[in-house]
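The chain below stands alone, shown as structure tokens; this is the form predicted alone.
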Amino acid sequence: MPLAHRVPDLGALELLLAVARLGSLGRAARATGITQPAASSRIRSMERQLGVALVDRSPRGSELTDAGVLVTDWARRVVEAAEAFDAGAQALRGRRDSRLRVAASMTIAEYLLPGWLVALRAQRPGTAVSLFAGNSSAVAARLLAGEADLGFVEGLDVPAGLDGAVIGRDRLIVVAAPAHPWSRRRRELTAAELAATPLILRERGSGTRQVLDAALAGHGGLADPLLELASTTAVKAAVVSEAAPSVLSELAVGEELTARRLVEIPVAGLRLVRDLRAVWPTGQRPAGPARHLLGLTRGAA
């Protein structure tokens, strides 16, 4: 059965969160803009779908069952993820009235920026944002061409012509499919072995490639990649299919590691860490919404 048939829709999850917050099905119905009979029907439908009772109803109000408390905690994470998705999608639409133009490298755009945009919208609801996502070189080019107000990149240094501030750090790790021979070896991989192996990698100009090239320069240099792909999602899919190992941001593979679709491969004596930076044209310190967004990013990773 498809996942969409097994998981309640967002409206039902938002209603359940409102019941937990307000302690009344009637008040939750009003808060979510539906009638009380419709709210009761939606809760019953969700309970049938999940096969557990979620809400105890009484003349004094509505209380969550033990199962309802647990489901509500999961629901909160789903709704928060949906809010981040919505904020990112709104920014991608690039409305003409945008007052904040953001350019971000792929890892930051995929895994960090949506949460920052949700926070920005909560604090400055009138700020319209447009988003460009590309590799670090493309982000720098946008800023230098005056096509972005604030950028975010990963790498070893600040691109030429830009000023910046470190907002966090990100660890890169070697990953492989569970069936790959590296996943079954008992001793750590050496840096020389990693350097000599054709990997699945992001394209040149990405922060990941920059860090990896520098780290392996003293170990024979990085071998020609088996595949070069323009997105982290594409790289992960290729690694999961057992094509070859890769080196990816720890931010990007948490779900795959937990589900054992990917395995982290330890490498002896090699620490791959990169700075996450906010960047802007030299001499043009961010102001207005850009400065506000910059303040929300401190301690990113």
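Residue numbers here begin at 1 and follow the sequence given. What you see is a predicted model, and the numbers here were worked out from it, not measured in a lab.
Not pictured, yet referred to below: the form predicted in complex with a further copy of the same chain.
Visitor: Counting heavy atoms only and using a 4.5 Å cut-off, do Pro2, Asp9 and Arg76 all touch a further copy of the same chain in the predicted complex?
Guide: Every listed residue reaches a further copy of the same chain in the predicted complex, so yes.
Visitor: Looking at heavy atoms inside 4.5 Å, which stretch does a further copy of the same chain contact in the predicted complex, given the options 199 to 207, 112 to 120, 147 to 155, 212 to 220?
Guide: Of the options given, it is 112 to 120.
Visitor: So in the predicted complex, does Gln36 come within 4.5 Å of a further copy of the same chain, heavy atom to heavy atom?
Guide: It does not: once a further copy of the same chain is placed as it appears in the predicted complex, Gln36 has no heavy atom within 4.5 Å of it.
Visitor: Is there a non-hydrogen atom of Val263 within 4.5 angstroms of a non-hydrogen atom of a further copy of the same chain in the predicted complex?
Guide: Looking in the predicted complex, residue contacts with a further copy of the same chain do not include Val263, since no heavy atom lies within 4.5 Å.
Visitor: Please tell me whether any heavy atom belonging to Leu251 falls inside 4.5 Å of a heavy atom of a further copy of the same chain, as the geometry stands in the predicted complex.
Guide: Although a further copy of the same chain is absent here, Leu251 would touch it in the predicted complex, with heavy atoms inside 4.5 Å.
Visitor: At 4.5 Å between heavy atoms, is Val273 in contact with a further copy of the same chain in the predicted complex?
Guide: Although a further copy of the same chain is absent here, Val273 would stay clear of it in the predicted complex, with no heavy atoms inside 4.5 Å.
Visitor: Between the options Ala195, Val174, Ala133, Ala140, which residue brings a heavy atom to within 4.5 Å of a further copy of the same chain in the predicted complex?
Guide: Selected residue: Ala133.
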